[in-house]
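Form predicted on its own, single chain, as structure tokens, below.
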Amino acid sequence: MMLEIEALQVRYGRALILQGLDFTVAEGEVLALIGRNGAGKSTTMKSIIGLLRPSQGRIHFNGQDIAGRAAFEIARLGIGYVPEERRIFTDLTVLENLEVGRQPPRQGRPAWTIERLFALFPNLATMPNRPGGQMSGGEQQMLAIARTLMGNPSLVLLDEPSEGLSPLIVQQMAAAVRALKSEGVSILLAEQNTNFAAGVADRAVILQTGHIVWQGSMAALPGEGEAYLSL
């Protein structure tokens, strides 16, 4: 397994936000965390990447215990994080944003170059010198993912990648996620859009108020898991 989460708990002050999560992400797999706002999806991702410190539980990445480590240390191990807010550098151009994310190639992993990323996101290829602040929301999302890939991660955390985007851009984003999977990149995807998740994910975990209420294959979601999404 690429990522193993066991009995994960996270608190904000006295409030228990994540209540003992258990799930795994296999190498080359896309796992969707599905749930409404406040379900705990973003908190889960921030705990994995080191922006929040778990109060209890294990987070193992490629066999290493990373729970409680600093975010920069976790990133160097090969986990990339694309936050919901994107957080690109608005004063820097597309090329400059990509250079910020550059890390050396990792043995046994695909090495991402600017040329390969422009092939993955053709929209970016048309605007290499455009400042990030002059891009649409969909273009900024593509840039945020491309910048993360410049770090050559083996696992990518994508937080709400389809939120607020046009249907055409959502289709392009789904195609990019499937392309990453074909390259062997593992992806943990936080989503409210079940249609988007169904088009890219192998398995799903449904969160409600910080705990897992269902997990299984995407093929089983319309039957077994759908009842939990309507609650």
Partner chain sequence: MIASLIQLLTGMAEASSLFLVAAGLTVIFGVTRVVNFAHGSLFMLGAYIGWSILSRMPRDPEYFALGVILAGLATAAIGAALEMTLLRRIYRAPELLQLLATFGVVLMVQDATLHLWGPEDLTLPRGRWLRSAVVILGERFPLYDLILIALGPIVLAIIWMIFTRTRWGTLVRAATQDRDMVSALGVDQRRLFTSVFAMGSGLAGMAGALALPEASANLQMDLTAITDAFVVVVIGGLGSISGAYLAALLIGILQAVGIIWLPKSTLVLVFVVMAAVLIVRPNGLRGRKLTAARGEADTIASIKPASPSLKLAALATLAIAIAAPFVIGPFALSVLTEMAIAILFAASLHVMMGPGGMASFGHAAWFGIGAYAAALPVKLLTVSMPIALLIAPIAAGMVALAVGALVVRLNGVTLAMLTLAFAQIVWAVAFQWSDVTGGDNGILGVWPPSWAGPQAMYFLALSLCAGGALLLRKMLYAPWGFALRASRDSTQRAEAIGLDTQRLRLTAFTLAGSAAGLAGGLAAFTKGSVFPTTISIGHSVDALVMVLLGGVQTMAGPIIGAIVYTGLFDALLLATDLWRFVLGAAIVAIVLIVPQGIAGLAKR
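Positions refer to the first chain, counted from 1. The structure displayed is predicted, hence computed values, not measured ones.
Beyond the structure shown, there is the form predicted in complex with the partner chain, which is absent from this document and is the topic of what follows.
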*Is the partner chain close enough to 51, 72 and 92 in the predicted bound form that each of the three has a heavy atom within 4.5 Å of it?*
yes
*Scan 110, 83, 131, 138 and let me know which has any heavy atom within 4.5 Å of the partner chain in the predicted bound form.*
83
*Answer yes if any heavy atom of residue 103 is within 4.5 Å of a heavy atom of the partner chain in the predicted bound form; otherwise answer no.*
yes
_My question is simply whether residue 154 lines the interface with the partner chain in the predicted bound form - judged by any non-hydrogen atom within 4.5 Å._
no
*Contact of residue 99 with the partner chain in the predicted bound form (heavy atom, 4.5 Å)*: yes
*Is residue 117 close enough to the partner chain in the predicted bound form to count, meaning some heavy atom within 4.5 Å?*
no
*Check each residue of 119 to 157 against the partner chain in the predicted bound form and list those with a heavy atom within 4.5 Å, in sequence order.*
147, 148
